[in-house]
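One chain follows as structure tokens, the form predicted alone.
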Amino acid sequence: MAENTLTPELLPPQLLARLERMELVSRKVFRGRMKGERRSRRKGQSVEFADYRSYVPGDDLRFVDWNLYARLDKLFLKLFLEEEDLHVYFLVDSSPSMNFGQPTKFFAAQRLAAALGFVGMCRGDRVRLEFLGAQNKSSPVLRGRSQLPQLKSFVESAEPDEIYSLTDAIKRFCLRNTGRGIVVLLTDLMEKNGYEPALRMLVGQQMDLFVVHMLSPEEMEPELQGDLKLVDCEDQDEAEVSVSHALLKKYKSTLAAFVDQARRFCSQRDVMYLLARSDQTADVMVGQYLRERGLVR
């Protein structure tokens, strides 16, 4: 069922209970900065056994396998898989075009970023949300489920921004964040100068990039007819049109070509492209759609 307002039920208790059991999935292996709950290729001190190696002076005697010593009269050290954290960024397009639809694409992106952010926080990942705009409004690093109130407060305080350049906003993000991790960009890709330069900059950061392409039902299946004046919500350009069956058919064909071009652009650069409708609930989006496409498990 579609929701049409941003309410305190941004993340209802039933949804939180399901999100707590999920995990964000990275297609790349990154070295974490702090101990977390994510299995690493490095050897560390988790409970999961990895291998043995010969003891050398200075090793911690707590990890010596004394059973092997009793049988072989040699000292071997037990190695365990390290568990690390991961840095996860959620970038929400705050341009005026996102403030369209019922519910709006902006609200759907807020809700999805909050839900995925909570998934990361529960796993000990370092989560940062950023609303792309004229100034880029960024949250502090959030970690652990105890910071859920800060997450909700930050997300609910965000509003669509004035017209801005997506490329400039992504450039500011890239200059401030040079680390590795997962980046999830939630956007409608509606940039008059083209979204390609912005995505190329994110690809250049060598992060694991996911693009969630948000479209509203009104954009995908417009119910228009008659003589209309269409006004661009970003630059106020006007166009008078007579909506006919042929025109709607051409519009849908153009939209399909736009979506297909974005999908191919991402595929050619190892970027995961995900098309999402703004009227899908967070439960369906995260628990079904994104799980099937590998962003969560």
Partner chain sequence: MSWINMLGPWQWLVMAAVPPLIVMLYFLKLRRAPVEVPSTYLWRRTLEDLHVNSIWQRLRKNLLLLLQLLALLALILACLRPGMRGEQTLGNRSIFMIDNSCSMQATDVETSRLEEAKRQTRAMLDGLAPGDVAMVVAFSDRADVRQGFTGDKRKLKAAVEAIQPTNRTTDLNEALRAAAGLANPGRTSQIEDMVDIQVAEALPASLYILSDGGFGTPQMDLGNLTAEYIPIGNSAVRNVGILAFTVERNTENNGQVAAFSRVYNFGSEPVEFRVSLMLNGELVDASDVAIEAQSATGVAFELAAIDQGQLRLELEVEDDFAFDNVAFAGLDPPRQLEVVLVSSGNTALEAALATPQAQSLASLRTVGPGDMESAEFQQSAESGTIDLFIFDQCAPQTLPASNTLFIGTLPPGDAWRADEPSGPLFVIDTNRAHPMLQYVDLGTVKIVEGRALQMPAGGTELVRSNAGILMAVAPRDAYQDAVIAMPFLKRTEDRDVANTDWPIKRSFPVFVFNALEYLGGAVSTAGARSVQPGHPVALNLASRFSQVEILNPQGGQTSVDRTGQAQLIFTQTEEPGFYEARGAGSDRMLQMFTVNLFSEQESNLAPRTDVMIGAQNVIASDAVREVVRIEYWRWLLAAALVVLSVEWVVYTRRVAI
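Positions refer to the first chain, counted from 1. Treat the numbers as computed from the prediction; the structure is a model and nothing was measured.
The discussion below concerns the form predicted together with the partner chain, not included here.
- In the model of the complex, every residue of the candidate spot (E219, L228 and Q261) has a heavy atom lying within 4.5 Å of the partner chain.
- The partner chain is not shown here, and in the model of the complex it never comes within 4.5 Å of any heavy atom of S54.
- Of the heavy atoms in L248, some are within 4.5 Å of the partner chain in the model of the complex.
- The closest heavy atom approach of L224 to the partner chain in the model of the complex falls within 4.5 Å.
- For the chain shown alone, D232 is a contact residue for the partner chain in the model of the complex, at least one non-hydrogen atom being within 4.5 angstroms.
- Contact annotation: the partner chain lies within 4.5 Å of heavy atoms from the stretch 189-197 in the model of the complex, the single such stretch among 189-197, 172-180, 125-133, 150-158.
- Shown here without the partner chain, the chain has E238, A239, E240, V241, S242, S244, L247, L248, K250, Y251, T254, L255, F258, Q261 in 238-263 lying with a heavy atom within 4.5 Å of that partner in the model of the complex.
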